[in-house]
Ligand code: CIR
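The data below hold one chain only, encoded as structure tokens and taken in the form predicted alone.
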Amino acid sequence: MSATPHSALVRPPDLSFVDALGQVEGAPAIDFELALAQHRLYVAALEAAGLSVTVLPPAEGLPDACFVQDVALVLPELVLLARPAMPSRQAEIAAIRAYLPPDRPVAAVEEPGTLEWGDVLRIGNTLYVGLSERTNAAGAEQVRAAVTPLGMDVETVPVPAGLHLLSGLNYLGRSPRNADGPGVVLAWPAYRDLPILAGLDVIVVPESEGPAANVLALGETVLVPAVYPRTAAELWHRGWRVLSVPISEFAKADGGLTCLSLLM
């Protein structure tokens, strides 16, 4: 985000969440009751960061629908709808439509394009679209056509590791302690040499704290998955207020903090 969001949509998981995509065979199963408790803590953290949070009803029979960020991008001039590559997620688009702002036009990625917003990193007026198993070049070109008239740019980048671009790379804005300094990013080692990071303050997340690359920056507050003290300390030293949020059950479905809210 180029500006601090003021509100968020979230959706608690439905019972079908135990069958969500991204689970590793042989790994511990999702604990649904724990996931609900963690989601409530997540909402509380968003509110503590100053956001107005709208909690949508669970989407019955849509296991991954709690990952609301993937399905839409809300801009002041436009709403852009995704087209998930996985057929089991495509019904999530219709499930979110009624809750999106009604005061602006809507554009949608269409076949043969595929795109999930977890593959899109915004820095200023540029959208960096990661090409991955979930997002293809046709989807990126449709995003380009939609946002170019708004004065925004689109660049494609490879996704060298992880499910989505935001799994291993996130932009936080300028440090509260250095408002005139470079923007700050968290990056996995596999992302650290991407040309788009030139001139930025890159915090390389150690392999032992891999999930901590997916943080949610909300102005002077950053939500960080629990418990990754080295990454949290790097952010604290740069002046951010750090809120640690447990999301172990969502991580089992390859989800992170950014996935769980649609910011506006």
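Model, not experiment: these values are computed from the prediction. The first residue of the shown sequence is 1; numbering continues from there.
Just so it is clear, the following notes concern the form predicted together with the named molecule, a form of the same protein that is not shown.
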item	value
Segment assignment from 68-76, 94-102, 124-132, 171-179: heavy atom within 4.5 Å of the named molecule in the predicted complex	68-76
Residue (of 245, 10, 18, 21) lying close to the named molecule in the predicted complex, criterion heavy atoms within 4.5 Å	21
Contact test in the predicted complex: residue 259 vs the named molecule, heavy atoms, 4.5 Å	yes
Residue contact check: residue 118 to the named molecule in the predicted complex, 4.5 Å heavy atom	yes
Residue 83, heavy atom within 4.5 angstroms of the named molecule in the predicted complex	no
The named molecule contact in the predicted complex: residue 254, any heavy atom under 4.5 Å	yes
Residues in 186-206 close to the named molecule in the predicted complex, defined by a heavy atom within 4.5 Å, in order	none
